[in-house]
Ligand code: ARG
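Next up is one chain by itself, shown in structure tokens, the form predicted on its own.
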């Protein structure tokens, strides 16, 4: 199947699944093999693949309690494939495939493209000159009314119009200004019931104004730096369940007060590469036709 240009595609939305579906990649080949973000500095080859596997499996077990999981096999030379959120952005059977900013991750694109084609998705490409890093930098609001899209370290603002055309949706740009929070999903999480969890210092003033214009004060869960650097915002939210890395008692209490069930999963090995729970999954609104695909 050939890759289509990013024009308005004609795709019939699939029937809604009873449970959400996510794509994961086992960390069999995971390693901090290069430095492309501040978290990787000082952690070259410092991660334990055994501990990473145990942590990944605990996340997988927590996830399958509330969702279905599809699996893509890791491929040699792409140690960051485990972070499937960066593979692309999917909705209604359409995947806008990532165009990675760093050459170190660009080899992943071919592997994810093959998996999505094989699974029956319509795959749209983004030009190399306008990098876009998938669900890492683009998050649909839970009600589907808008698409929050980060830009700065990895994704260009120029790529946002391609996302707007792919789904005919309003795109709200958010400028990331702290290199530690190089993807939107590391510092911003739209949650169920109209809540949002975010770390304000990661954004410029105009972006904060956009967030505050959308979310009323009582729906904003502001994360302190101590929790932000443990990637508290890098959370998987399914209904009233939130699965995330270890966080403070104070933030746990704030989430519970908003009637969320907090499921902590230690993900310290993945923090060494700059990722946590949300980075390790990609939301799929159309169930795939296969549970595994190898190249």
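Numbering follows the first chain given and starts at 1. Computed from a prediction, not measured in an experiment: that's the story for all the values here.
One more form of this protein, predicted together with the named molecule, exists but is not displayed; see below.
Residue 40 is the only one of 54, 238, 262, 40 with a heavy atom lying within 4.5 Å of the named molecule in the predicted complex. This chain is displayed alone, yet in the predicted complex one of 132, 198, 116, 83 has a heavy atom within 4.5 Å of the named molecule; that residue is 83. Interface membership of residue 155, defined by any non-hydrogen atom within 4.5 Å of the named molecule in the predicted complex, is ruled out. Contact check for residue 136: a non-hydrogen atom falls within 4.5 Å of the named molecule in the predicted complex. The closest heavy atom approach of residue 186 to the named molecule in the predicted complex falls within 4.5 Å. Not displayed here, the named molecule is approached by residue 36 to within 4.5 Å at the level of heavy atoms in the predicted complex. Of the candidate stretches 46-54, 240-248, 64-72, 266-274, only 266-274 has residues with heavy atoms within 4.5 Å of the named molecule in the predicted complex.
Not one of 96, 148 and 283 places a heavy atom within 4.5 Å of the named molecule in the predicted complex.
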